[in-house]
Structures are given as structure tokens and as C-alpha cells.
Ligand code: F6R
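Single chain ahead, by itself, as C-alpha cells, in the form predicted on its own.
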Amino acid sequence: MCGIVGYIGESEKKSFLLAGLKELEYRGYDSAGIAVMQNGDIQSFKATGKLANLVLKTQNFESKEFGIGIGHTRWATHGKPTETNAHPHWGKYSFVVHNGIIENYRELKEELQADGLVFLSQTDTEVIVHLFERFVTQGLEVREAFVQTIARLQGAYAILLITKKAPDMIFFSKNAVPLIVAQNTQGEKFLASADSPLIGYAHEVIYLEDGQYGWIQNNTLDLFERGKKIVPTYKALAQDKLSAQKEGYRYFMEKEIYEQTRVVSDTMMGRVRDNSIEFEELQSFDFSNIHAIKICACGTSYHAALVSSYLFERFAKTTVQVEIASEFRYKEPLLDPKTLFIVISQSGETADTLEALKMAKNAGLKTLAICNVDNSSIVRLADATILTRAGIEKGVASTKAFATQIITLWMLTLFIAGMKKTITQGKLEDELQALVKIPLCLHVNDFLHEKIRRLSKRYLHGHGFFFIGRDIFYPLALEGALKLKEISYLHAEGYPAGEMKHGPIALADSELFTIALMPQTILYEKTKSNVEELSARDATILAISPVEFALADDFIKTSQQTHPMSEFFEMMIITQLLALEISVRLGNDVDMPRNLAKSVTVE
């Protein structure tokens, strides 16, 4: 979700800023921009689309004397990817770049507009620079104005700010979003969202903690935490770019599994309120004449759609039909204009899903996209879009994209249920409380990961895997099986647990591995009975449950939860890690499995 870089020193600013943004382009490529201050003047350049467009715009610009530069590559959260919405944002004499989401930006914006300030962009970021300049106008010294500014902000942010009022200073602040301060032996100082932009420029770094802020003046760093000045502690910077991008993990897929606890927070940010769900993207979307929902998707996105079908019918009391996009295209479907047509795609370029969307548009249906990439083909075509905010996913086998799709769809079911008044306020607030606790369920416990790593050596042979579950855990079984076969190349199938006795149980023997999803909150006794049937046929059972299961050959204990979705996400993590560790033991390329591509743009 966006990337930022900063520099203060005497070298060419543009070269570091553009090179740093190139390293961070995986975090967002809707637009990019830089601002450079030298000799008391600030020049700014912004461009939409790929970073190459910004490079072209700045080709005749040089900045070789002492100065300060800030840069940003954007993954849109507020406002379309236009030059106006691109960072840096400016006031009368100051510029700011920001990664994250300012949750209270609306009230701050209204407060500033009441003072006569005119906003140029649709972003939450612009309030930061106007708030800072208002404090300066009120007579505060620039350092105190910055401190008072960040004290007013709620949400997640990494901020860099420069101002003509202090031409030798760069201000920074970090909360719940990564930000690094770095330096080299020549006295130059740098800031960035990750290690990789700093390699080749800096030698040592400070990984800022939440709530830390400060400023750099010339080559002097002042660092604060909770209002108290602290002594900065630098660490040596590793010099391997690929390792820096992986941030210490063995594979991008592993990194992305661990990132889920953070990215689902990004997905919910600004949308989950104390007593309601808010989607700024749907403010003008008319749901009044919607009587049913049809969802089209492929692969992992199809599994997310299946999960949501249970939730839509449970909470929004709306009939839902889920279609595989490649089948939908050729079945001569009946399309009722009173049906909301939802498409789900990580890339926004999935060919079959895009064609299904075109069919729905031509039939006059209202269309909604759940997508991770703004300005993609599906996003441009749909009537409305909810972005999942997963950030770039480099591992071909989807993990965090799936998690953020589920969270987005869960929020959407509650949003529609609230509008239709099919859910009581008490029940809605219970669901909201469950939602905000999901990041804790997605935290990977080191002991759990090690247990799965050790268990994985027992599952490298046999003639196949069955993943079984009921209710929302049936689509999770499908997804668990898909993850395993994508990267291990072992045969795996997902089944509804109650369906096993209608044929598949004929395969049961000691060389059939059954991964049993046995949540306590949904149909535990029914699922247990189905697993016992498999055990009686000598199938090898790996049970995943908060309740000890005596007949299991292997058992992974989950925590006691009161909400099915909490159990869902805990078990999702386990199935992802199991697939990862089995694949590692088999010596496969975890991040780039054979025959697969990240964005499927062909039929």
C-alpha cells in the first residue's frame, strides 16, 4: 500500500528518489511523484500510471546542490488515480507524502474548509499539509506545528513533510505503517518504506516504532517518542536487494502469509465503525431495486465468492448464485436487471471474469467489482468498485489477496444487511466486534509454524489429499486443496464433509490423507461424524480444531473462539502454511510454481 522515500544531503536528489520509487513500485503503481527543495524553493512533479511516466517528466530536472527530496508511489485508497490525487500534496509553502489512511480525515477536512481552505484532491492525505500550515499561521514554530499536526491524526500513517519555512529540514512520523531512517558515512540521510531503496546508498538504518516521529536538520537527527527525545540506535543495513524485499522470509509467499495480519487491517481501515460499515465507494450506488446477487470469479476468487454466499444469505437475506466465470460465459445465462452482479479478481485483468462482466453490463445489470488493482480493466468497466488493499502479491499462489477478499465481502454483506434492515443493531455490532479482532487471528505463532513444518514431512507421499469442511469451511477446504496442488503438485481435492459418503469415501485407505476442518462454532458434531467415517476406513487424519479429536493421526489445536469467522481465518493460515512447508520439503519453487501465472489474461 504505497511507498515513500526521502533524502537530505548534497547529492543529486532525483536519482535517489526515482531509483527508490522503482524499488517500491510493487507497493503501488497508480501514480507517482516527487518534490525537491533547494535554495528555499520547491519543485514538484507528478504522473499517473507507471513510474516510467514520472521519469519522462523529470528528464530535464537536476538538483545537485544541498537540498531535500521526498517521493511517493501510490496505491489509491481515496480518489481515483489522477495527477491531482497523486502525491506529493501541497499547501501554500509545504509538501507532504503519506502512506496509510487517515481515519478522521473527513472531520479534519470539514474543520479546515470551515476556515476557508480549498482542497484540490479527493485524498485523505491533503488534510495533513493544510493542518500543519494552519498551526504555523496560528504562530507555532514549525517543529511544534508538526507535533500538533500528528497529534490530531487518527489511523495508520508514515509521513514525510517539507516546508519553505524550514528549508534545511525534513519532518517524519510513523504509526502502524513501516518507515525507516538511514544514513551513510558521507553524512547523507535517507527515509524509505522498506530496506530495498536504501541498498547502495546507506550503510545503517533505524526501523522506527509506532508513535515515533522527529525531524532531520542538515545531517542531525532528532527522534521522539511520546513527547520525549530518545537516542537513535542504528543497525547495519544488509546489502542484498532480493533479501531486503523478502524482509528476512525465505519466500515471498511466506512473507505474504505473515503480512495478512496487517493487510486485513488496511482493508478494514476507515470502513469499520463502532456501529456500522461505511463504503465511501458506494455512497451513490443504488441498491433499492436489487432482489438477488450473482457473483462471478475464478480460482481463489471463486472460493472467496462461495464463502460470501453463506454470509449474504445469512445476514442480508438475499438469494446468491456463485458462478465460475469461464462456465458462465458460455451457458446462455438468464440475467435479471434486478440482480446485482459482483465480480471478484485480484488483478482486475482476469479474462474470463472480465468477459462475464461485459455480459452483465450489456444485459443492464448493476455491477460491482471486488478488486486489488485500481484502474485495471475490470475496475474501469464496473459501475462501482471496492478495493481490497492487499498490496502487491508476488507469490503466484494467492494468500493475502484471498484473505482481503473475504474481509471485503464480509463487510459488504453487513453493509447491505444494514441497508435492508435484515440484521438487528445488536447482531451487527457483534459482527463488527468479530471483524476488528481478525488481525489477531491471523498472527502467525512461531510454535505453530514450527509444528506444521515438522508435520509436513509425513505428507510427502500417498495417493492424494481430501480437505473437508462444512458451511463456510467447505470453500476453505476447496482453497486449502488448491493451495496444496498449486505449489506441491500433489493431488488434492476439497469436499463438503457430508458429501464424502456419496462416493469419494471409496478412495479411503491409509495412503489417503484427510485434512479435516473441525470448527467448534459450526456443525462440529456433524463434521466429527463424517471424519469418524473416514477414520473407520483407515484414512490418515490430520484434524484442525480447538477440540481434541482422539481418532486423529495428527492434530493441530486452534484457539477457542466464539465466532465462526475467527476460526475460519485461523484455519486458513494453517492450510496455507501446510501447503508451503510440504512444497519446501519437495524442493519446489514456492513463489513461481510450474505452469501458472499471477494474472490470467487468456481463456
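Numbering starts at 1 and runs along the sequence shown. Everything numeric in this text was worked out from a predicted model, so none of it was measured.
Just so it is clear, the following notes concern the form predicted in complex with fructose -6-phosphate, a form of the same protein that is not shown.
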task = Could you spot which one of A202, C298, I101, A382 gets a heavy atom to within 4.5 Å of fructose -6-phosphate in the model of the complex?
result = C298
key: Answer option from D195, E486, D374, E133, heavy atom within 4.5 Å of fructose -6-phosphate in the model of the complex   = E486
Any non-hydrogen atom of T339 within 4.5 angstroms of fructose -6-phosphate in the model of the complex = no
inquiry  = Taking fructose -6-phosphate as it sits in the model of the complex, is Q346 in contact with it (heavy atom to heavy atom, 4.5 Å or less)?
reply    = yes
inquiry  = I'd like to know whether A397 contacts fructose -6-phosphate in the model of the complex, with contact meaning heavy atoms within 4.5 angstroms.
reply    = yes
ask   = Is L482 close to fructose -6-phosphate in the model of the complex, meaning a heavy atom pair under 4.5 Å apart or at it?
value = yes
task = Pick the stretch from 451-459, 120-128, 389-397, 149-157 whose residues have a heavy atom within 4.5 Å of fructose -6-phosphate in the model of the complex.
result = 389-397
